[in-house]
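This document opens with one chain alone, in structure tokens, the form predicted on its own.
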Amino acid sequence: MADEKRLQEQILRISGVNPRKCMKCGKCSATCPSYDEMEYHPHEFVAMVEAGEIEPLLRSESVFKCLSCMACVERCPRGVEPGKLVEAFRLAVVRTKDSERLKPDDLPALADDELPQQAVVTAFRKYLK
């Protein structure tokens, strides 16, 4: 339960989304091109994150069926941005696999003269939030 709460907080922090603004109208889900493929639809995903029901989402493939097209973000009348929550969820799940995570000390051995410095900076900005 403590892990779920920690993961919920991490998802909300990374996304910057306030799921409490959601009025569960379903407009985000109605516009989702992956609707038929998903076990949990965008408005349900938002509600589950808000309620801290993270464990069922971890077991579901729905989060990986999202196309990240952000149609749900455009359609939401309250500016909830479900797509950003899904992106943050994916990122948080990746971060829980810490042993597989690239660490700053690993970079010198992996870097070569062809690797643009901007790629390194961008990766750290994205994955060290």
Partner chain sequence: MKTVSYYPGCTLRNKAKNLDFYARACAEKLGFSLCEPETWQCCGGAFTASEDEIATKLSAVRALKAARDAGQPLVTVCSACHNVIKRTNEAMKNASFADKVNAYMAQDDDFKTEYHGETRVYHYLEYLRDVVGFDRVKEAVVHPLSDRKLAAYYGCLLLRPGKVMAFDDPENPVIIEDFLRALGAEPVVYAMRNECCGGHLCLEDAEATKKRSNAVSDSAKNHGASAIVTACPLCRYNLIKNGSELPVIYFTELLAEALGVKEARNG
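All values reported here derive from a predicted model rather than from experimental measurement. Rigid core here is just the name for the largest C-alpha set that superposes within 1.5 Å across the two forms. Residue numbers count along the first chain shown, from 1.
Not pictured, yet referred to below: the form predicted together with the partner chain.
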Worksheet item: Does the partner chain come within 4.5 Å of any heavy atom of R125 in the predicted bound form?
Response: yes
Discussion item. Does any part of I14 reach within 4.5 Å of the partner chain in the predicted bound form? Heavy atoms only, please.
Written reply: yes
Worksheet item: Given that the partner is absent here, does L107 sit within 4.5 Å of the partner chain in the predicted bound form, heavy atoms only?
Response: yes
Item to complete: Answer for K65 alone: is it within 4.5 Å of the partner chain in the predicted bound form, judged on heavy atom distances?
Response: yes
Practice prompt. For C25, decide whether the Cα shift between the shown form and the other one is 2 Å or greater, given a superposition on the rigid core.
Written response: no
Item to complete: Establish whether a shift of 2 Å or more occurs at the C-alpha of V120 between the shown form and the other one, with the two forms superposed on the rigid core.
Response: yes
Worksheet item: Is A111 one of the residues whose Cα moves 2 Å or more between the shown form and the other one, with the core superposed?
Response: yes
Item to complete: Regarding C69 and A119, go with closer or farther for their CA spacing in the predicted bound form versus this form, the difference being 3 Å or more.
Response: closer
Practice prompt. Using the form shown as baseline, tell whether A119 and V73 are closer or farther in Cα-Cα distance in the predicted bound form, where the change reaches 3 Å or more.
Written response: closer
